[in-house]
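Okay, here we've got a single chain as C-alpha cells, the form predicted on its own, with questions on binding and movement later.
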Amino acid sequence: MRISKGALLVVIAVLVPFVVEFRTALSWFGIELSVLESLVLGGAVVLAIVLWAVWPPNGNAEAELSGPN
C-alpha cells in the first residue's frame, strides 16, 4: 500500500464534508446536485483513492508479490 490504513481512513473521513461543501459551492453557481448525485460523486472519489492506495507504487504487481530474490 502507498499509505497506511489509518491514513487512508483519515483521508476518506475528511472527504465526506468536502463532498457536502462542494455540493453547496456548486449551488452558488447555479449547478444543483441531488443527494444521489453527491453520493455517486463521493463514492467515485473514494473508489479512486482506494485504488490509488492499493496499487503498487511502481505499477508492477507481480514484482511486489514475488518479493526480493
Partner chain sequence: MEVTRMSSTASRTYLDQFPAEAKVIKAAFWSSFMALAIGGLLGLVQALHRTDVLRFIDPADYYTVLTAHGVLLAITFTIFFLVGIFTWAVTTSLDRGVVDIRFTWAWYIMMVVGTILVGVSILGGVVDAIPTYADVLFTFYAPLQAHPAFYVGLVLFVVGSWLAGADWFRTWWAWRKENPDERIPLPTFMALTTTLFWYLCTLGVALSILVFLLPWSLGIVDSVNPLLTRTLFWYFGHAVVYFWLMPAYMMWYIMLPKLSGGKLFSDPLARVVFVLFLLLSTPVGIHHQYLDPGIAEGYKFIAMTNTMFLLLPSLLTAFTVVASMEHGARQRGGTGYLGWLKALPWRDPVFTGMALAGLMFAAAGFSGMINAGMNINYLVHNSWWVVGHFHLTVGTAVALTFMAAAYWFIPQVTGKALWSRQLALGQVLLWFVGMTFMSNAMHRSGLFGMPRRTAEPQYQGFNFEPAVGTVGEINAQVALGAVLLTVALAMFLLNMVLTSFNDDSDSLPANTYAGTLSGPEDSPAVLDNLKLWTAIAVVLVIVGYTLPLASIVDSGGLFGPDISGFQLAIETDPALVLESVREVMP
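What you are looking at is a predicted structure, and each value in this text was computed from that prediction instead of being measured. Positions refer to the first chain, counted from 1.
The form predicted together with its partner chain is left out here; the points below concern that form.
Asker: Does any part of residue 17 reach within 4.5 Å of its partner chain in the predicted complex? Heavy atoms only, please.
Answerer: Judged by the heavy-atom cut-off of 4.5 Å, residue 17 is in contact with its partner chain in the predicted complex.
Asker: Spell out, yes or no, whether the shortest heavy atom distance between residue 10 and its partner chain in the predicted complex is within 4.5 Å.
Answerer: Heavy-atom contact with its partner chain at 4.5 Å: present for residue 10.
Asker: Could you confirm whether residue 58 comes within 4.5 Å of its partner chain in the predicted complex, counting heavy atoms only?
Answerer: Outside the cut-off, so no.
Asker: Heavy atoms within 4.5 Å of its partner chain in the predicted complex: does residue 35 have any?
Answerer: Contact with its partner chain, yes.
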